[in-house]
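This text opens with one protein chain seen in two forms, each one given by itself as structure tokens under the names structure 1 and structure 2.
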Structure 1
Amino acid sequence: MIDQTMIPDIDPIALPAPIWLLKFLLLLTFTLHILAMNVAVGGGFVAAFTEYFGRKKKSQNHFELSRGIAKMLPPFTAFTITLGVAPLLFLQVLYGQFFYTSTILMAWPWLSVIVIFILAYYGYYIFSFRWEKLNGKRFWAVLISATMLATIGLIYVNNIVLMLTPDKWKAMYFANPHGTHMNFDDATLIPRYLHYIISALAVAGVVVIMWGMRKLKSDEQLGKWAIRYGAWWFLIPTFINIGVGVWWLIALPREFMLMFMGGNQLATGYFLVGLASIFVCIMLMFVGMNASKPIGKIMAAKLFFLITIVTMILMRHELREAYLKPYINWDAVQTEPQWGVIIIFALLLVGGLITVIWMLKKSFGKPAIN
């Protein structure tokens, strides 16, 4: 029998929206956050290694790319934060009783995220604004910043997994109430974390390909090189990640693992679609990187990659629901939707998106983010 006595009661104020809407917005904004984060973190590592190879091979192509990524890192880091705020909001309103508690157990590591982030972010600005001046120090500047951001991801994964396992909390808190815990004894933690971080490299690879496609017109040689180079950054991490994914699956408690293998139709369905789309994506990428006219194939590969990412996020959500099933009865959660304000929010969101797109169009001719 699981001890549930210490899981905080659900907030007595009803949820101000239907649960499906909150979960939808959580997953939508989380997906956007993950994409921006992948570019910010994965892009940092790719830039660092590109610097390293460039220096070793004395290759101008590498330096051009490094300079290109340097320009992207600060804006994508800004959007990682901005797009991260929204899912954190929806997470708190839906799963507050789990999230706040696990956060309290690891309060200091959790707060350290802010300090690490500020330092890493300024590091990216230095890399970006002083790219020329830094010269030989560029490798270190961007590597250290990217590593700090990756550390934040590790702290996040610690917390997001700890919130799923309330049966561990009591012993942790009574051993030490000062909020210095971590959650490394969870067997799923490391593969889960690696799965995200490695996929960030693959996403950054796709961004390099996109950068190369834009260069094709002005400098065909550089563009073609970047497409091939980015494709390898996509392919190698993706192959490794298939292995890491299997590791994560095996590390899961047996009932949750089986959920993706027929035990739960929805979860299994997501898994199959995800596997199929990453397979198609890899094939298209192989063909595209060697094609004389790569754009169409690569755009298709991108689409299938996006499908894979979305299915992975849906699987992650199903896993969370499965973990928390013994502790929360969604049917008993009260909702009193504030439709008036929800509509205002929706209108402002649409208006906001139009405003941002208008600004981007006016400023860069076409949207800077493809």
Structure 2
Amino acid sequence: MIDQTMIPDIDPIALPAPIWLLKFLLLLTFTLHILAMNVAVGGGFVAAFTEYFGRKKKSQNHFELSRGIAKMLPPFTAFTITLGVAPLLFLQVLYGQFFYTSTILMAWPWLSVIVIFILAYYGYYIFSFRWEKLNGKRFWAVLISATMLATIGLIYVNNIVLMLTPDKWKAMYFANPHGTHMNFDDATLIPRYLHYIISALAVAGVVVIMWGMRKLKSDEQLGKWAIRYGAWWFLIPTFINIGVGVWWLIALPREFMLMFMGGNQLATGYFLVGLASIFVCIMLMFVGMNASKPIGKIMAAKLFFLITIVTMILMRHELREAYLKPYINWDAVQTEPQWGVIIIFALLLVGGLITVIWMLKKSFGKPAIN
């Protein structure tokens, strides 16, 4: 039995919006954040290995793609941090008594995120704006930066997993009250983390495909090469991630694993939709990468891939709710909706998304129609 005194009381201040709306906004903004994060982290690793293969094969195609990714990394890193603010705030509003406690237990690793991020962001800028001058050092510049961003992801996953397990808090604190804990003894942490990182490589592969589609009109050979190259960056990590996903599922406590095996209709439904959509996506990607006219098939594959990502995020939410169900009585949580503030937030969110979409269109342009 857990010592309930280890869990802080719910904030007596009423929530500023209905609980369902806060949860919806948490999931929506987290989806936007995770997409940008996947490009920033996965794109860094893809750029590093593209540089490596380019030098080994003396391939101009690899170098052109490396230059193209270099231009994307700083803005997508900015999108990652900007789009990450809202879901972090919604998480704190809804689950603050859990999140704040786990953060205190790992305070120093958590605070180190600021320094690590600044260094990684600066490294991406060096890679992007000094691409020519770096020459043979480009591989190390971008690899180190991507690894630092991946390290931040590891710290975040540690915190998120620790907040779900209040039964560990008391022993951890009294063993060491200095805020230096990590959570590596949790069986789900490594597969959960790898699932995110490998997904980032797959998303980066899709971005490479988009870059290739844009190049088709100006340089058909380079465009077709980039589409096939990006498709392999999508397919190989995706196949690996299916295995990692099974590992994560098996590592869950039995009652939570069975949620996705028929024990919870909603969770099981998300799981089945996600599984079906990723297999359809894989088939479409295989066909598209070998087609003489790949655009339509690849665009359909991207749609199914997005469905997969959304269902994975919904599964993650159901899992969090199941972990914390014994400790939260949502019926006892007071709400006093501040609709004026909510409307302002919604307008700013829509305006921000329109701005981001406009920037992406300027960066990527429209793919060639064939």
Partner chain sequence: MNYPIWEVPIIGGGWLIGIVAVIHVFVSHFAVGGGLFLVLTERKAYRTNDINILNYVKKHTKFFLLLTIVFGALTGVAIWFTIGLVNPQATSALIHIFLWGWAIEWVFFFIEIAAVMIYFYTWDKIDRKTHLIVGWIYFISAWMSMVVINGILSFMLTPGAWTQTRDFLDGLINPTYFSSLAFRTLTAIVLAGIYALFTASLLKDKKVKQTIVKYSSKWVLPFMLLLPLAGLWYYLTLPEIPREIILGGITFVSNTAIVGLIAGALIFFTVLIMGFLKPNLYNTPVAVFVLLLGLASMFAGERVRESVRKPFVLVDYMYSNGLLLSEFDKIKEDGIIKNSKWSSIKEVNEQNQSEAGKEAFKLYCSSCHIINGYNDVKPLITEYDEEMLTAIINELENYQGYMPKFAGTEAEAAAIAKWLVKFNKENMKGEIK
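In this text, rigid core is short for the largest set of C-alphas that superpose within 1.5 Å between two forms. Bear in mind that the values here come from a model prediction, so they are computed numbers and not experimental data. All residue numbers here refer to structure 1's sequence, counted from 1.
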Structure 1 or 2, which would you say is the form predicted alone?
2
So, does V356 move by 2 Å or more at the CA between structure 1 and structure 2, with the core held fixed?
yes
Answer yes if the CA of I13 moves 2 Å or more between structure 1 and structure 2 after aligning the rigid core, and no otherwise.
no
Once the two forms are fitted on their core, CA shift of L347 between structure 1 and structure 2 in Å:
3.0
